Each structure stands twice: as structure tokens, then as C-alpha cells.
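Heads up, the chain below is alone and in the form predicted alone; it's given as C-alpha cells.
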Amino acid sequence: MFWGSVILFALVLGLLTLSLTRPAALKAIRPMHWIIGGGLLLPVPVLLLLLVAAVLLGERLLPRPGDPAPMRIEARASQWQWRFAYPDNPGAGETEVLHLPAGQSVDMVVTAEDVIHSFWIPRLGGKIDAIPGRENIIRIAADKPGIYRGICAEYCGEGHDIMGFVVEAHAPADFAAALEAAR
């Protein structure tokens, strides 16, 4: 997706440069050709490539026969913070930092206490709404250990801008120790 955006940016930059340096060359192209070429023909292959990339990347998160059951982590939103619980790890307690095992799929069980929020870690997966009285599940995975940022992607009141959270992905061998240290 990054390289596709680089190619599109280069194309637009090239057309801009051409329009500034040789405006007569672009005047020869009729407006209807711009509409058909730039508005209809160009978006079709671009959207098709983005669709293929999204489907292939999304396929990695689907369960396969023989795969171990993914870990479940609960994410609870309230104005204006996130709290995370680890029911698969008794005694882990609740944390304000989301700890994940790198290289493993995790089912996030997302809910809210007060108003609608939206759980999103842009580098790890899609987003899903956190709705009071309802549990929504989204599967995410961190490919490698590291620090990621998560946000509330739904305007939820005057404190919305401070409703971010930190995600720490740990090597599988270090995950239990990280949960213990966070407690």
C-alpha cells in the first residue's frame, strides 16, 4: 500500500510539474479525457490492487485448522481511558498499557462503560466500536516485539484527544514476565 501511494504521488507530482513547465501540453487534453482517465480508469486498478492487498493481509488473521486458540484480552473504555484485562492469565490484573505476545493472534473483547468509543491500533489491525452493554471482538497480531500506539477513533467528548494508549508487544518468552511486572 505504501509503494502504491508513492507511485500515485509521483504521478500527481509529475502532472503538476508538467502543468507548471509546459502548460500547452496539458491544454491539448480535453476535459472529458481528464474525467474519464483520471476519474474512472485510474481508480479502478488502484482500488483493485488495494482490495487484493487488504484481503491477503486480512487472511493472515483468520483461524486455520490446527491453530491454537488465540489469547483473549478484554479492552474496556470509559471517559477518557482504556483498561485491559487478561482472563487467560489469572492474576494479571488490569493494566493501562496493553501487553501483547508478538507473533500470536489475540482476540480483543472490546466494550465501553459510558458512551461509544472506538478501539484502534493503526499498525496492528482494523478498528471496532466499543459500545456500552455489548462485547465486540476484533483479532489483532503484532508481528514483532515493539511499542505501538492505540487511540480512540470515535469522538467521545471533551477528553477524547487524550484517550490514547500504549501497546507493548513482547517476545512470547517475555510476555508472562511483562504482565507480572505490570501488575
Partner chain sequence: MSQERLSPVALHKALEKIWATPPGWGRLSAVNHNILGKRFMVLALVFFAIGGVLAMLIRAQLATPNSAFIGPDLYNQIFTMHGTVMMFLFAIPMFEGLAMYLLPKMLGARDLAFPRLAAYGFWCYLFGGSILIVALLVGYAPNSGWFMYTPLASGVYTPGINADVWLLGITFVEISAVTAAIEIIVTILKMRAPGMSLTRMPIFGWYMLVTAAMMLIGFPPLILGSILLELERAFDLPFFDPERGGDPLLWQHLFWLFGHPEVYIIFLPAAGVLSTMIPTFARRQLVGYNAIIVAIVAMAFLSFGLWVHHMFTVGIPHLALAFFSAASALVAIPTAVQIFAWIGTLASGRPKFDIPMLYVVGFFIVFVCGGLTGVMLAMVPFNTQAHDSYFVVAHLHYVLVGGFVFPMLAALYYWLPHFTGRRSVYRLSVPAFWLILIGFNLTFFLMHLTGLMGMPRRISTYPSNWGWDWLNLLSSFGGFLMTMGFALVLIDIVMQFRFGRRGSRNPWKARTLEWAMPTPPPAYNFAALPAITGRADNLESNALGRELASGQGYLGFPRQGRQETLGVDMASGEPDQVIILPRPSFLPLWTALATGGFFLGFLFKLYWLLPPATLAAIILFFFWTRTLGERRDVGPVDIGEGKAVPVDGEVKDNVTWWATLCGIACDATLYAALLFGALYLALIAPGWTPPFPGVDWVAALAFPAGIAAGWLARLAARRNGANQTPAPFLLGAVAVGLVTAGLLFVSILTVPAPTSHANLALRVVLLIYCAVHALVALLLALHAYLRWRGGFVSALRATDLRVTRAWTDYAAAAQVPAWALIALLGGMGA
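Keep in mind it's a predicted model, so treat the numbers as computed, not measured. Just so we're on the same page, rigid core means the largest C-alpha set that superposes within 1.5 Å between forms. Positions refer to the first chain, counted from 1.
The form predicted together with the partner chain is left out here; the points below concern that form.
Practice task
Would you please decide whether K27 lies within 4.5 angstroms of the partner chain in the model of the complex, comparing each non-hydrogen atom pair?
Solution key: Yes, K27 is a contact residue.
Practice task
Mark I151 yes when one of its heavy atoms lies within 4.5 Å of a heavy atom of the partner chain in the model of the complex, and no otherwise.
Solution key: Yes.
Practice task
Find out whether any non-hydrogen atom of D161 is located within 4.5 angstroms of the partner chain in the model of the complex, and reply yes or no.
Solution key: Taking the distances in the model of the complex, the answer for D161 is yes, it comes within 4.5 Å of the partner chain.
Practice task
Find out whether any non-hydrogen atom of P122 is located within 4.5 angstroms of the partner chain in the model of the complex, and reply yes or no.
Solution key: Result yes; P122 sits at the interface with the partner chain in the model of the complex.
Exercise for the section: Would you give me the residues of 94-110 that have any heavy atom within 4.5 Å of the partner chain in the model of the complex, in order from first to last? Expected result: Contacts from 94-110: none.
Handout entry: Core superposition between the shown form and the other one, C-alpha change of P132 at least 2 Å
Key = After core superposition, the displacement of the P132 C-alpha between the shown form and the other one stays below 2 Å, so no.
Handout entry: C-alpha of R30 moved at least 2 Å between the shown form and the other one on rigid core
Key = Yes; that C-alpha moves by at least 2 Å between the shown form and the other one.
Exercise for the section: Determine, after fitting the two forms on their core, whether L16 shows a C-alpha shift of 2 Å or more between the shown form and the other one. Expected result: It does, since the L16 C-alpha is displaced 2 Å or more between the shown form and the other one after the core fit.
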